[in-house]
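First, one chain by itself in structure tokens, the form predicted alone.
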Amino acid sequence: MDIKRRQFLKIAGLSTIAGLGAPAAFNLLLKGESSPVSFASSGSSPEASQEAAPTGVRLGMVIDQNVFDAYRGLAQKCITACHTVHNVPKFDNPKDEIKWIFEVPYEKAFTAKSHYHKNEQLHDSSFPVLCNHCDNPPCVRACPTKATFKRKDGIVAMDYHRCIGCRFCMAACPYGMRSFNWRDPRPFIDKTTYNKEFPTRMRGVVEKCNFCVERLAKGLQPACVEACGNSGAMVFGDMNDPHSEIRKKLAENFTIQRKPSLGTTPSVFYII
């Protein structure tokens, strides 16, 4: 159901007075809405329930860090391709930076893993990170206007016109994969590479990786995957399809996810 600004402010005020978290306050007031699903069932390990749903399409990505380590500069090529296609602005102040995909060191990508005396390769590696398109996304439950929603194919998408800039989704995302437009981004978009087919955002709107839903609709691969060519650095597809390339990658390689213990069940896997 749609929530008007007045109702949103009323709920936000109540949550502050009552000392409740935002999702809890909304669940109390939104009659007919289902209560949020807990991150993990009591008495069970979240990491033991990482199997994909047996039916339907669930899109995901496998990132082979060994390939990125072998071809330094490939990750930046992916970033440039993504940001160009989606008109991501380049602000002059780093504090205003908008990022859909970017690189971080191992200890920041995998904070739940032990880093004591990690090997030299991991020490020198920079891992590409992006929205994990979780199967159990806390950002979707936290969004009061349904601007963030999960599609049937598993993609966590956004409707920029419905975003009211409350940033609840940013607080709910345990991966820090969302950016907020503190300034009008349009004057900072590169005019020489401007993509007229993708909408620009406004000040006060959150944005993030969308797995290139607009490209998928045309039968194309995500821009970052296309930028990798035939290197195999990124493989994208339906994880529920036993004949897909990504399913083969998952079956043949040991992979890890970011913060799997939270039970969000990320759709992005890493080969290290």
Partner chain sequence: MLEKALTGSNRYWGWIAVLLAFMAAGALSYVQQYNYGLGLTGMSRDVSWGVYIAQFTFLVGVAASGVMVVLPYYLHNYKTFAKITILGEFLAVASVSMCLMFILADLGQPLRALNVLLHPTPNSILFWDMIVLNVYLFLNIFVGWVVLTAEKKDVAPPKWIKPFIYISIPWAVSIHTVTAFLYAGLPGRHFWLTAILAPRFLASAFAGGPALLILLCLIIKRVTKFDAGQEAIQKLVTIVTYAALINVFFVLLEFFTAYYSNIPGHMHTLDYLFFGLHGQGQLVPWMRVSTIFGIIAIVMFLVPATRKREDTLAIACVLLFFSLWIDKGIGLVIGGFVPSPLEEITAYHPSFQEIMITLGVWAAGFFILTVLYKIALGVKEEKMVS
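Residue numbers count along the first chain shown, from 1. The structure displayed is predicted, hence computed values, not measured ones.
If you look for the form predicted in complex with its partner chain, you will not find it shown, but the lines that follow are about it.
In plain terms, the part of the chain that comes close to its partner chain in the predicted complex, with a heavy atom within 4.5 Å, is 183 to 191 out of 118 to 126, 68 to 76, 81 to 89, 183 to 191.
Put simply, Ala223 is far from its partner chain in the predicted complex: not one heavy atom of it is within 4.5 Å. Shown alone here, Lys259 lies within 4.5 Å of its partner chain in the predicted complex, counting heavy atoms only. In the predicted complex, its partner chain sits within 4.5 Å of a heavy atom of Val205.
With a 4.5 Å cutoff on heavy atoms, Ile155 does not count as touching its partner chain in the predicted complex; it lies far away.
For the three marked residues, Glu97, Thr111 and Phe168, a heavy atom of each sits within 4.5 Å of its partner chain in the predicted complex. Heavy atoms closer than or equal to 4.5 Å to its partner chain in the predicted complex belong, across 140 to 158, to the residues Val140, Arg141, Ala142, Cys143, Pro144, Thr145, Lys146, ordered by sequence position.
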